[in-house]
Ligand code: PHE
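Single chain ahead, written as structure tokens, the form predicted alone.
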Amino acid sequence: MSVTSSDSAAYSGALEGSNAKRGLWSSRLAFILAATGSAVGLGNIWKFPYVTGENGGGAFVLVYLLCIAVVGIPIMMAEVMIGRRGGCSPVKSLSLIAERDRLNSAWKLVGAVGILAGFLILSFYSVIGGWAISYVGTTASGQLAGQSAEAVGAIFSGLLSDPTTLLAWHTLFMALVMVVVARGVRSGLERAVSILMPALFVLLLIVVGYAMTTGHFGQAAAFLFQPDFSKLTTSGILVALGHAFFTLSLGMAVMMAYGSYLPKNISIAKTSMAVSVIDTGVALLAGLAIFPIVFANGLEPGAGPGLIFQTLPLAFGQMPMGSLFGTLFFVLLIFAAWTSGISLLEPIVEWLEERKGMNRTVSTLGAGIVCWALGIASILSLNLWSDFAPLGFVPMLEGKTIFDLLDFFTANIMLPLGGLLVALFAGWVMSRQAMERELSLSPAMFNLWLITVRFVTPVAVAVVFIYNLM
């Protein structure tokens, strides 16, 4: 069904009106810092180094960079575009766009899936953020100095087995997130990231500088940047593809929410590329910070998820000034987790403000408390409920605790599904004219983006989705 020019003008006015009463980022830099703060999290500093170690180093990094280009950036542009086009929460933005283009209103469920995924992720992400807070005190007090691998492992095991301590740190982390989100776009999100992100970069560079003194920096650089394709497996390629997707906070409605605050005169393409480049740079710097320390102590780079909370603490405990630089490292980890936590809570708070008419403080408290309460189940699954596998009767979910299930369903099902639906909506459903106006690309660049988001990105995400389920 065609839409008249008067309809188009009225709808454009409605969109602008929906944005006029809301806060906007003060500048392109503010948006880049906020979006980068969302993207730069535990995935960069915790997960990227160990998955790189597990998958052979340089060849994996090269594939990862390629996946950022062909999967990450196109979907990020699509999410930011949808958010800015609608000027509202992810659900309402998709609903407005669907109404304008005479589309099925069910497309708004794409936003709902993303919001739910981010909310569920935050519930257990906050628990891990609490681990980082705990380790600041553990490292600063010198408890790790001279300890054996068994003793360091026992410290981590002792933390996980104590639900009261875990609850205290989880509560503190959620409180830090809620305080920022409750203050709104300019006073809360923008002000926080303008302090936390520069501080994060400085801390990361300090730790990299320390790593350069270990005598194994060259070995670490070679491990990261000299590809040895004999070490790259099919599984490694799919892990790189999946991590490239998840590290940019895609599929969880964050970039739609942040895009809804983006002024019309700021280039979506340039900001998306800037965020992707900075996010990737932080991941590589994290590798240069961690691997020299690992190699200097004769440890295993593919140590898995325990790399940050067991392998590195062992290394810091054996090195000169290890307590100081270990403390700085975990402060860095807190900042990365904090900025990501803020972005995970924002979409549902934005939705509650619109849908329920709550003010910012009440919506933040409501969403934050429910998320905090859900996190208690993850805490208990690490100790008192460690033998409880709610879906253990399903073969592929056998033995998975509540913590494991939340991680599995969000990372392997909800995020890929959300990203796939965003790519399909932008590539095949949304008005081409509207996309051209929002993206403001040259005809050649727009067509390249459109071909990628129509054909390359959906196939890549679908492959990851199916692989993860298998």
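For the two forms, the rigid core is made up of the largest set of C-alpha atoms that agree within 1.5 Å on superposition. Just so it is clear, the structure is predicted and the values come from calculations on it, not from any experiment. The first residue of the shown sequence is 1; numbering continues from there.
Keep in mind that the form predicted together with this ligand is not shown, yet the notes after this line are about it.
| message | Which is the contacting stretch out of 338-346, 128-136, 390-398, 67-75, given heavy atoms within 4.5 Å of this ligand in the predicted bound form? | response | Selected range: 338-346.
| task | Would you kindly say which of F316, F246, F291, F173 lies with a heavy atom within 4.5 Å of this ligand in the predicted bound form? | result | The residue in contact is F246.
| request: Counting non-hydrogen atoms within 4.5 angstroms of this ligand in the predicted bound form, say which of M252, L312, V275, I82 makes the cut. | output: Of the listed residues, the single hit is M252.
| task | With heavy atoms only and a cut-off of 4.5 Å, decide whether T410 touches this ligand in the predicted bound form. | result | Result no; T410 lies far from this ligand in the predicted bound form.
| Does at least one non-hydrogen atom of G427 fall within 4.5 angstroms of this ligand in the predicted bound form? | Judged by the heavy-atom cut-off of 4.5 Å, G427 is well away from this ligand in the predicted bound form.
| request: Indicate whether A423 is a 4.5 Å heavy atom neighbour of this ligand in the predicted bound form. | output: Because no heavy atom of A423 falls inside 4.5 Å of this ligand in the predicted bound form, the answer is no.
| request: Flag G43 as yes or no: does it have a non-hydrogen atom within 4.5 angstroms of any non-hydrogen atom of this ligand in the predicted bound form? | output: Output for G43 is yes: heavy atoms within 4.5 Å of this ligand.
| field | Flag for W338, CA shift 2 Å or larger between the shown form and the other one after aligning core | value | Moves: no, less than 2 Å.
| query | Is P313 one of the residues whose Cα moves 2 Å or more between the shown form and the other one, with the core superposed? | reply | No, because once the rigid core is superposed, the C-alpha of P313 moves less than 2 Å between the shown form and the other one.
| task | Tell me, please, whether between the shown form and the other one the C-alpha of L159 is shifted by 2 Å or more, with the rigid core used for superposition. | result | No; L159 is a residue whose C-alpha shifts by less than 2 Å between the shown form and the other one when the cores are overlaid.
| task | Could you tell me whether P49 and L397 have their C-alpha atoms closer or farther apart in the predicted bound form than in the shown form, knowing the shift is 3 angstroms or more? | result | Their C-alpha distance shrinks by at least 3 Å in the predicted bound form.
| task | Given a change of 3 Å or more, say if the Cα atoms of L200 and I342 sit closer or farther in the predicted bound form than in this form. | result | It is farther: in the predicted bound form, the C-alpha atoms of L200 and I342 lie at least 3 Å more apart than they do here.
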